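Form predicted alone, single chain, as structure tokens, below.
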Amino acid sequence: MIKTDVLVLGGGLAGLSTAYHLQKSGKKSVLVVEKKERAGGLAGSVRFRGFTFDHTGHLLHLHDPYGRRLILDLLKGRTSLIARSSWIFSQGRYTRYPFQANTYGLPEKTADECVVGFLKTLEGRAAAAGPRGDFRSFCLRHFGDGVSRHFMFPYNRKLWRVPLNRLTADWQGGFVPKPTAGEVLRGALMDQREGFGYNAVFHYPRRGGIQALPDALAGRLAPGTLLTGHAVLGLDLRRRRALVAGLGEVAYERLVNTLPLPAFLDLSGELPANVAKARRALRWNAVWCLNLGVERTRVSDKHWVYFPEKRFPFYRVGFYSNFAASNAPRGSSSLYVEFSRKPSEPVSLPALERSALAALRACGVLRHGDRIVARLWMRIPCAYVLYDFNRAPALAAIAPFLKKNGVDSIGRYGAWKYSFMEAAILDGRACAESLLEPKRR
């Protein structure tokens, strides 16, 4: 039987970071098991017909001093620092992101509705927040009726696929920019180029796609620490044993989970009644991503575009080859097209692809004569955690069960939260530090 001090489930960024920071201390043995044949999880890339496709857009937004130093050291000058070019396509025209601060270029009536609605929020005349502080009320309170009706409501309904009054505003944090009155007015009168939000600039590897980052982090681990191609088949949390394909039983003292929390709980055998009930309350969306390679250079000059209107079946389109030229062969471009679905929702990929291509031609991203030389569908079964009103109570019920059984559940999916790549690496560091603390008597 294999024995280790710490067993990490999942070789994505959070799991790799945990192992890296534990090994730096030299105080505990650690083993990472990953079901795929390569490290990275969703922060990985696929080579297909000469193109490099990520699992939709994965860009490095670096805000924490330690996270920045570590990530840039891992990639050792092999990244580009890029100023974001992100847009919204609505009413037949492009406007800059974020919509609420950039109504210049929209029809005059639409822009007026957005600005007047926003100004009413400052006077306290916007719709009041609902009794539970739901996301729909949050939008009305902060942005007003016009912005909400023309962008916030249709886009977020497309993404989350539930009524917005069923969602809390807990997820938005620094992810939804809140402009000042001056910024809103300037953005209505002129094409302002000010960067808003946490992702105004980003780093991206010059070669290898985003896969370059987990590969570099895995390369810092001691040989034999990361075992790929080994899925976790079951867990005995009481005995602190994991059954791993190809390895048999693995005994551990502490367990670090980075798998989606529902999947982890499903592997954990019979659960206490309150934990089983909480697990059933967790909700999420899947994303289908259509990756395309086009035999034409620079099909767009943008990095990504949001599509709030119902006539477009996708919610966002991004352009890999504008992140790094190496993502596409010479003379070609590459892009990703994102569709949100409920996990069990049936999807006809041929029909979805036909509607997507027609819509891409309708908005001018593709031309009728474009030759598509690569098409690759990717499904992300657990893409977006739903911040509904059941989430926080469910996590509160699950947390004592995890603690009692020596489990740290971290990262975007282990902690069941909305997050980004730098945060996953910092989660791993924090987890390692907590595991290294002396036991309190």
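When you see a residue number, it is the position in the sequence shown, counting from 1. Here the structure is a predicted model, which means the values were calculated and not measured.
This protein has a second form, the form predicted together with a small molecule, left out of what is shown; the following refers to that one.
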Inset, instruction - Quick one: from A394, V407, V33, V30, grab the residue that has a heavy atom within 4.5 Å of the small molecule in the model of the complex. - result: V33
Legend entry - Which of 399-407, 368-376, 54-62, 22-30 lines the interface with the small molecule in the model of the complex (heavy atom within 4.5 Å): 54-62
Inset, instruction - Considering only heavy atoms, tell me if V347 and the small molecule come within 4.5 Å of each other in the model of the complex. - result: no
Legend entry - the small molecule contact at V232 in the model of the complex, heavy atom, 4.5 Å: yes
Inset, instruction - Classify H150 as contacting or not contacting the small molecule in the model of the complex by the rule of any non-hydrogen atom within 4.5 angstroms, answering yes or no. - result: no
Legend entry - A432, heavy atom within 4.5 angstroms of the small molecule in the model of the complex: no
